[in-house]
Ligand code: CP
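A lone chain, given as structure tokens: the form predicted on its own.
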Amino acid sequence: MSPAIRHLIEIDDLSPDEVLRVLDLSASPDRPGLLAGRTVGLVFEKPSMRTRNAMEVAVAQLGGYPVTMQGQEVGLGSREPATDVATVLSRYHALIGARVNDDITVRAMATVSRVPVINLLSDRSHPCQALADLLTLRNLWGSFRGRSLTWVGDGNNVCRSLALGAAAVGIDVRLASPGGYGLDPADLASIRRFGTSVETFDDPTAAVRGTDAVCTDVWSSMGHEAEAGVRRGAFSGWTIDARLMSLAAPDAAFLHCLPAHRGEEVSSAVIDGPQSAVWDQAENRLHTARGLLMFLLDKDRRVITKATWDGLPRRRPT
């Protein structure tokens, strides 16, 4: 019997062991022809540079051909329902990737697709970015054991997925956001179920002290542009600069998913400085895209279904 179809809508659709397996595949020099003679459909409601390039190149490296569609070409939810789009695309392609405005859209696509669906970004989640961040940190540290990560800034989709992924692999998580801009209690409960330390702060200085990695994103993500002025006021004093980085561990890494606004969420001295790992992080978007494709398309892998994973006792991975 063939394995159940696996989708990646949020990073915790993978068990902790499976996250580590994807990272191993991402680091492997192997380029199996899993997609030889096959295509992958990529739908982009939102613009992209890293995600589009990473996925298209990863598909090509595995012998396949990417078919990229802009949002206006498809009309998800306007020209036709997202479920109809996914039903048709899953009859053409070996896999579907979707970068969407609304998390409900990509989840609806997964309910009807007969091939794997990958969330390339939604308003709630960015699991592909989280995998790249984790690969970057593992390359720097060698092991996740005993390490901590601090998020400074908006508790957005990137923050949520990274915190979930970090907790899953055993990294202690610190989350610092101004009042009203942090993750909600339900998200914090999801992160804490892995058994790692998860702390919240309303002061970036306390949050970064002694941490092994400092991570951030823009203050106004796509979809929040109208709030840019208000957010600049709310995040005043939250710039990650050399002074703030000096409070972290001496070898602490700085991560940013890009694009960055120098002088707002991060200073030029930090993002362009010796502790910055953002360019390796950006490159790892390609490697983890390839590793994820290899995992989802491998017919011989041991499958842990979402229902089974939800029922497993939570433990801290080693």
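Model, not experiment: these values are computed from the prediction. Note that residue numbering begins at 1 and tracks the sequence as displayed.
Heads up, the form predicted together with this ligand isn't pictured, but that's what we're talking about next.
A single residue from the set 258, 27, 69, 57 has any heavy atom within 4.5 angstroms of this ligand in the predicted bound form; that residue is 258. Contact between residue 129 and this ligand in the predicted bound form is found at the 4.5 Å heavy atom cutoff. At least one heavy atom of residue 99 is located within 4.5 Å of this ligand in the predicted bound form. Taking the partner from the other structure, this ligand in the predicted bound form has a heavy atom within 4.5 Å of a heavy atom of residue 50.
With this ligand omitted here, the record of contacts in the predicted bound form names 40-48 of 286-294, 61-69, 40-48, 267-275, defined by a heavy atom within 4.5 Å.
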